[in-house]
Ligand SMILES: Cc1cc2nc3c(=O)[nH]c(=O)nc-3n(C[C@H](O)[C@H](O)[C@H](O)COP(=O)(O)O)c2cc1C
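What follows is a single chain, given as structure tokens, in the form predicted alone.
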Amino acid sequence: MAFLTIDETKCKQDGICAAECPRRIITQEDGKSFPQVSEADEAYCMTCGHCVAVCPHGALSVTGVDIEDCPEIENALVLSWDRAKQFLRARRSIRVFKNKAVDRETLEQLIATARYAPTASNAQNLQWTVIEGRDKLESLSQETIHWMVGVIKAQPDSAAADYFRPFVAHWTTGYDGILRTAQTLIVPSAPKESANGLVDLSIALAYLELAALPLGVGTCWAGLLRAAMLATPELVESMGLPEGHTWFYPMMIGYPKFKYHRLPERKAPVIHWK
């Protein structure tokens, strides 16, 4: 198969694919010729699939992006503005989960959807570590509490100590304010040499938590655990994350115990028009 395959029976020679190509490696001499990619430029393709996605005639494939693997957009499934707005506003950070773990099939479905999140230069180099079991998450919470106690002892008058004290107090009563009642934790990671890895991870997590909503699954960014991870290399090592990878945030995931019925308002945006 050639690097760029054109179905000449479908191609209208309109030049849309060449105009859309982010790297400008698809060229077309005139309206009577077919698009092409020179052999010298093939290495510059980032396999983004723009050319395949933008062609209204379904006339081309490129190595790594076969048109047979690219379903057409169904207009009937396109969200209206009102539906999209409610969908986005309905997302909540879940802190009370049902005593029911999310099954692996659902987790795989969510991660498979999150992989469509954009990555810099279309690197697509994220990996996902899934930690399952309430006992494992309680152990991570315990290590976080241990770190908090250390901060309180070392810096008793600090703002951090004041913030941590209620979490430590609640822990002594049997309440886990770190990972709540979640039974699953997801931690995406990217190679350390990836210049935009942290950005890619953030976007992927946002995709995942939005994809979870239609499945009745809830999420919450585990900020306190993240803080403990930043301060405690041994904690990170115990989680078994891929070697040579960087991470940004772990995310709790589970089934919300309660249903939400309203869309709380947020602060008005501060916009600077220039």
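The first residue of the shown sequence is 1; numbering continues from there. As the structure is a computational prediction, the values presented were derived from the model and not from experiment.
If you look for the form predicted together with this ligand, you will not find it shown, but the lines that follow are about it.
K.L.:
For the spot marked by 98, 212 and 255, is every residue within 4.5 Å of this ligand in the model of the complex through some heavy atom?
P.N.:
No.
K.L.:
Of 196, 93, 86, 142, which one comes within 4.5 Å of this ligand in the model of the complex, counting heavy atoms only?
P.N.:
In short, 93.
K.L.:
Of the residues 223, 244, 56, 233, which one places a heavy atom within 4.5 Å of this ligand in the model of the complex?
P.N.:
Going through each option in turn, the one that passes is 223.
K.L.:
Though only this chain appears here, would residue 207 touch this ligand in the model of the complex if you measure heavy atom gaps against 4.5 Å?
P.N.:
Residue 207: no, not in contact with this ligand in the model of the complex.
K.L.:
Looking at the partner-bound form in the model of the complex, is residue 136 within 4.5 Å of this ligand by any heavy atom?
P.N.:
Residue 136 lies outside the contact set for this ligand.
K.L.:
Since only the chain is shown here, I'm wondering whether residue 266 would be in contact with this ligand in the model of the complex (any heavy atom pair within 4.5 Å).
P.N.:
Taking the distances in the model of the complex, the answer for residue 266 is yes, it comes within 4.5 Å of this ligand.
K.L.:
Taking any heavy atom pair closer than or equal to 4.5 Å as contact, tell me whether residue 180 reaches this ligand in the model of the complex.
P.N.:
Contact with this ligand, yes.
K.L.:
Using a 4.5 Å heavy atom cut-off, indicate which stretch of 24-32, 48-56, 233-241, 213-221 touches this ligand in the model of the complex.
P.N.:
Among the listed stretches, the partner-contacting one is 213-221.
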